[in-house]
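In structure tokens, one chain follows: the form predicted on its own.
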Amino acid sequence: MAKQKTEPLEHSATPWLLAVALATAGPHVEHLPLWMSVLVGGLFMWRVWLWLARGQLPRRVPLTLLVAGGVAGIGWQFHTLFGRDAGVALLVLFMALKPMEMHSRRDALVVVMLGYFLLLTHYFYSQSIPTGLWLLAATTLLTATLIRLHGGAQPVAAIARYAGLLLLQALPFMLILYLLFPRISGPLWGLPQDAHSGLSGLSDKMAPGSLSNLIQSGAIAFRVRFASDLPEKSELYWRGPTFDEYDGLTWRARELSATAAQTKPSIEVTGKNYTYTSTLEAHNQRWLLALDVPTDLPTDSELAPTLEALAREPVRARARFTFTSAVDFRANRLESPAVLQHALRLPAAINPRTRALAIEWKSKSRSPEEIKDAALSMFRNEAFFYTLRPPLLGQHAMDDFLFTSRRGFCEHYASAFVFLMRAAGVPARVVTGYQGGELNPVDGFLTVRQSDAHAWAEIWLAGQGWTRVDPTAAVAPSRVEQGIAAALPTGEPLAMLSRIDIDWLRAMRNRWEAVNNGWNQWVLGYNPERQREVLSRLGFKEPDWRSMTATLAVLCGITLLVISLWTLYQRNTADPAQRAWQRYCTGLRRRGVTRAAWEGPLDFAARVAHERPDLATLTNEAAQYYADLRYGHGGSEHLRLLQQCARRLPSSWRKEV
């Protein structure tokens, strides 16, 4: 069999392909190791220089060595060639190396197809609006490059207009697929080794510095829309994990026995209930961060014995949950003796001065309420400071904090308070979560950021049950009433978003976040539940994959038919002069001469004279008639002569001598 001849790549088409490679691979530099970014950048610069100098491309041996070295480096860097990060790095390497062996149009098509595939990988790292806009622009560039490869050299504006028209024709199909294509739950990328890397949020333990690092982030933890009015800001405690195990340095949640884990807490509501919907960002943990304390939970969730709302599976993708909560309540007024005994445990032989102070309070025959008030009075009236830059603490951390440094943030005060209570015989535990939030007036959502992370305490009082106590409020009341930015002195390392105090800048941020929230709710958050909700409103009583697939096929068919009819109509509505000229050009195409879409009649006639001298006179005559009709003062006689030109073309089957 004869080897198929490959069409060589035009020199002027190479910049389009280099632009494609840069647009699709360039943004991934943020996720690549430094050595690989340097390698990829060097390869691109080398290829540009070769194009400018019309130099010879590297031979196969050095390219093979580059491929082998790059793959080995990726394997060494990521300890695997599989998974999200390693796989994307390989694709970027291939995109940088493929232009080095780009000799034919077939090689160019490989670059374009690789670019389309590489675009999808950007959503593994970011699904934001800017990412979507960049990918739309890159898709337009890829489509325009295909047009340039198959349509030859033509004005850039014409190529861009044609690519835009193709994408506009695809828009109805995109909307139909968005609405009806069956959705699946779960993240876009699901390999366990790197599926959820980069997720931030509360940890399953509280060690020195864990909350201060989180507070310095302005990232959004979740958004909330209340069905009616909002609680007071001082009541906005969003409950996360509860810790009752302490080893002298770190607080952890104790593992409950099977019987204890199934014990449902007893909650007596003494005030108003609030219903709200929370849109929770992925954090790869089970807690749902409900307003303390939830009384009505979403499906597939439960209320733990320690009062936090827990999902059955970790939250690995943005999700919406509807709760009802009460901010005034009594929880577990009748608590088991084992739980209360565990809430008194402390490590032995640490913090002697703190223990002595607690024992002194207890020896004065004070009640648990009076011991609590004594601790809060100490924090309120003595020289304690709220800061995210506390000094390091030694082996006796509580002694160092309470009697020496007296500088710390919420986790220091909550931890010290619980230690004092336990040492004085009052059952106590640490609760972490978020406190406060900022109402966005544009969309009515309450935005809670990572910088709102907080820790407080709970003590058990006879007749009252578990009662919230926030020692930080005694030291820095503005932390609870106005937010973290008001409580910290100037110069503290707080996220810039939390310190915005300029009206127009805050208004711009609110609008941008409202747009982002709409994107999250209706595009990224268009999960199976929301799809069923939307389709139910459109008349689908019980939508399932069968009915959705059938409707999808019918609507796509109708859309394709409408676009085809519109295209044919546009073609048939061309004026008589244009139809006659197109008929003549079609005849030339059958004889081996194809007119480019951008090529004018006189320029085309000049090219025909060069390529087919036997057709030069007739083509020049037809082009002149058409130019007079379109751009001059030609009349019906010119139209008749142009139509005759198409009939005067020699038969295409006749052999030429």
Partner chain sequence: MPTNAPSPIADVLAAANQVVLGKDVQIRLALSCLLARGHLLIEDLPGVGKTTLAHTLARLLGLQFSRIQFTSDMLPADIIGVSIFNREKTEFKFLPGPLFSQVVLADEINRATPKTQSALLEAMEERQVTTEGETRPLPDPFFVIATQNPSHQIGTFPLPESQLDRFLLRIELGYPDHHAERALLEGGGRRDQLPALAACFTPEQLAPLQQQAAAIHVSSALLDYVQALIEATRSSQNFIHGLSPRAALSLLAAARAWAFVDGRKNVLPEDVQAVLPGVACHRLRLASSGNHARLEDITALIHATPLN
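Whichever C-alpha set is largest while still superposing within 1.5 Å between the two forms counts as the rigid core. Being a predicted model, the structure only gives us computed values, none of them experimental. Numbering follows the first chain given and starts at 1.
This next part talks about the form predicted together with the partner chain, which is not shown.
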item	value
Partner contact for R630 in the predicted complex: the partner chain, 4.5 angstroms, heavy atom	yes
Partner proximity in the predicted complex: P27 to the partner chain, non-hydrogen atom cutoff 4.5 Å	no
Contact label in the predicted complex: E599 to the partner chain, heavy atom within 4.5 Å	yes
Partner proximity in the predicted complex: D614 to the partner chain, non-hydrogen atom cutoff 4.5 Å	no
Selected contact from T322, Q578, S478, S564, since only one has a non-hydrogen atom within 4.5 angstroms of the partner chain in the predicted complex	Q578
Heavy atom contact within 4.5 Å of the partner chain in the predicted complex, the stretch among 40-48, 614-622, 591-599, 61-69	591-599
CA of A627, rigid core aligned, shift of 2 Å or more between this form and the one not shown	yes
Core-aligned C-alpha movement of W598 between this form and the one not shown, 2 Å or more	yes
